[in-house]
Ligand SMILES: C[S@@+](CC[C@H](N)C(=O)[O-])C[C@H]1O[C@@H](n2cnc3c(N)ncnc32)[C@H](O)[C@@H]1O
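What follows is one chain in structure tokens, specifically the form predicted on its own.
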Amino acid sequence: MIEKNEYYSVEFTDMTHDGMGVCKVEGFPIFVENALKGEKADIKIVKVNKSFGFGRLIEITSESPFRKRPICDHFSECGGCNLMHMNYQMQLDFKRYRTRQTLKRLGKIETEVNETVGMTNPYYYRNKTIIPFGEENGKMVSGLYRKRSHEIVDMKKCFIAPKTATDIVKFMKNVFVELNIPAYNEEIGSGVIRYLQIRNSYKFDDTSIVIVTKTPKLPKKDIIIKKIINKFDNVVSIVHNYNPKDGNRVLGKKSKVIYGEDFIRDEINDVHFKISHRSFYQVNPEQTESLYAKALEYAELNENDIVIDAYCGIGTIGLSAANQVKTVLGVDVVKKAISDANQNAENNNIKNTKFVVGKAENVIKSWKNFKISTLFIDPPRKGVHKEFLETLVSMQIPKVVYISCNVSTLARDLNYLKSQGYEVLETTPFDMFPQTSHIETVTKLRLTKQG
């Protein structure tokens, strides 16, 4: 019987989806953070559940040749990165392995899984950074959350956010302290500053800052604006967002632009975009170019195609495809994103698109009379609504390209589509989030059996 606080010498034979080492003690699975497959180590049991337990690494007695020393001082405590102890090639191999195993185990999908597409420089890649603020021992802190907690690790430097974002956070913290504007205290619900959201353009030198407060007003607003624009000449947008509600939601319902306009500019595959502070936009634009190129390759588009871009956001996929097809129809539930999508079409002189607001599962029903040839799906982590899948099947759309940020829900959805006559031809994982266990995939499907 395995019990808490016992010590064991083990060998790790596998890894979980989130990068924990898997070993067995008397046939009982134990998961251990920061352990790599193939390593031997001494561990301490810290928690025992009915069918598995958790251990803590005490000493590695035989180290993996793929282990590397994390370059971040916060790695052991911060919850932002969890694969930084792997060398980069192992990270890529791990993500391909997890994709293949998850599709097979959860979706009963046997398909070609290509090698993970990685980055030349797998650091400083995020174009969107959200940093919570808080108090610790009477001092303001800002950074990412400690693992499995709401305690903030006071950040010196982040290796997955742009250096500009780190500089802005450190500068703003000093400004708030200087102006005696307190951080939000989650325990008692007091204070002012909750989050900073910073967006950086990949192709242009644009930066936007959203200051999220617990209070309806931002104290000393004009002084704050002046200090920011005097220090950072690439800041083109400053937004104040009011979020009085408790919980994990970053942005509240009310926002006000207090400097510049509510967008930054960027470019993907020669299409220019304006991105507002609420719009969804892939956080790794360099990889996004490669991912969209693969999606378009999988779609095998021609000039007669009528394409649906579901969960379209600001229209990034649809607008990238527009010059190759007859018509693009896009849908998203976020009103501002659709406004941005239509504006982006106009700004790029693209006239064969139509973007509408609504739930994808409802809106695509109104497009049944179109002869839809191709469907791009890029849903949130929860995957595609079952009603959407049923409508897709009833419309007999011959070509489907599914972009996913959650392999588990991808496996579930592919399993259903396979049962309805779609063949899953291949999947390519993309490392959109280096140093973390998150995986982005693009999957090619074709309708082989008519309903």
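Numbers follow the displayed sequence, beginning with 1. A quick note: this is a predicted structure, and the numbers were derived from the prediction, not measured.
Heads up, the form predicted in complex with this ligand isn't pictured, but that's what we're talking about next.
In the model of the complex, Pro380 approaches this ligand with a heavy atom inside 4.5 Å.
Though the partner is left out of this view, Glu361 does reach within 4.5 Å of this ligand in the model of the complex, counting heavy atoms only. Using a 4.5 Å cutoff between non-hydrogen atoms, Gly143 does not count as a contact of this ligand in the model of the complex. Contact check for Met84: no non-hydrogen atom falls within 4.5 Å of this ligand in the model of the complex. Note on the interface: of 333-341, 112-120, 68-76, 293-301, the segment with non-hydrogen atoms within 4.5 angstroms of this ligand in the model of the complex is 333-341. Between the options Gln282, Ser373, Ser201, Thr102, the residue in contact with this ligand in the model of the complex by a heavy atom within 4.5 angstroms is Gln282. Listed residues Ala161, Cys312, Val307, Leu319 were compared with this ligand in the model of the complex; Cys312 is the one with a heavy atom within 4.5 Å.
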